[in-house]
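Two versions of one and the same chain are coming, encoded as structure tokens; call them structure 1 and structure 2.
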Structure 1
């Protein structure tokens, strides 16, 4: 006796839920239909959110290992990011308090902060980035403050109302902000709304706002806006930036540093 498609799907969903994962070959064996049908079932169950497909079968939803885009992004244009990070870090004066957001370019700022503090003064670093904390935690002369909030693993960042509330209680000399797109008309943009909100409040509590972005970000427009260009003071980017765009940005009153 052959099952209906619906019954078969129900059984598949149940099995995945119970055992955590199923193999396609094994389903093929128990239900005696072609692989195409099973694949379609898995496709349907996946779009219904009941499971996640993997090569060779399926796993219970939430159990799939998701490639962490943060690490991947760190490896994009590493040379430019490092130069930009070093250039931006050179703007920090001894004794200043700074704010670092959760971008991969900002992480390069953290790793290039001048570690030799002349005199006895030290710097306070406030950040929403778990990666920045990992980078700086063993630098003992530093006041390192992590903004709390919801942990976004794929951005290695904390976001949300707690983060905003924490930010509202402080004032810093400089904020280093990353972005996904930067243009005269659209301002700064980023792919995640909660990260955008954190970035925006950061610009509000800093006396100077410094944006770090490699030249591929210039002229690009991302998903959601952080702030208009009027909300920032300085841009550090690489020398591959199109001169006409740089001129436009400078005309808007932004100091542009090319490294």
Structure 2
């Protein structure tokens, strides 16, 4: 079965980690894609700190991953995140304007957009995520805008006064927000106050707020709040979500999509 670009990059990173190095010719033989595609994969993985490019291939990077880093979190529940990303991306229509925040599940929404959004009208994507920009930079049917600001390397995101000021200048059709905790009483939470601030303003400038979170996040309380549950419209999560909590969320007036 043909791999998605995200799946292919994950396998390349695994090979480099296990073997210490890979050659470009080996990757071309293994994945049967173009030289351009593999070189772009290596560029993206190097930008994410997963490897270091050399002439004719790549070697393992000396950069360590902390448990809470963006790169480490991409390895958590990858199958669930991919299903959620695909289900959420299907909610986007050609020509719409959307906001994508900096979470790893939101990155999966971005990776599935080119598969589901077709048409002559350009789709506008505004994001605070460096990883989303790398994922979508070669998609032709797109108006891609990166919010300026201070770069938080660990989160691969821009934050701060400039990010907030740029957000307040726009209105979008849909915002896709991630979180590390979600519940009826405490709403959405995240581990970093500046990330929370950006997410909060994203919900204010979007006509529809869609949260993407795997079932392990439901019922969990994180460090700092983003918005109460009343600030969102739709939750896309996986089928392992606790039925009682799903019922409570739906009773609060939130649409829940299980994928």
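Numbering follows the first chain given and starts at 1. In this text, all values refer to a predicted model and were calculated from it rather than measured experimentally. In this text, the rigid core denotes the largest set of C-alpha atoms whose superposition between the two forms falls within 1.5 Å.
Undergrad: With both forms of the chain shown on their own, indicate which is the form predicted in complex with the DNA.
TA: The form predicted in complex with the DNA is shown as structure 1.
Undergrad: Does residue 244 move appreciably between structures 1 and 2, meaning a CA displacement of 2 Å or more on the superposed rigid core?
TA: No, because once the rigid core is superposed, the C-alpha of residue 244 moves less than 2 Å between structures 1 and 2.
Undergrad: So, does residue 200 move by 2 Å or more at the CA between structures 1 and 2, with the core held fixed?
TA: It does not reach a 2 Å shift.
Undergrad: Taking the rigid core as reference, does the Cα of residue 38 move 2 Å or more between structures 1 and 2?
TA: After core superposition, the displacement of the residue 38 C-alpha between structures 1 and 2 reaches the 2 Å mark, so yes.
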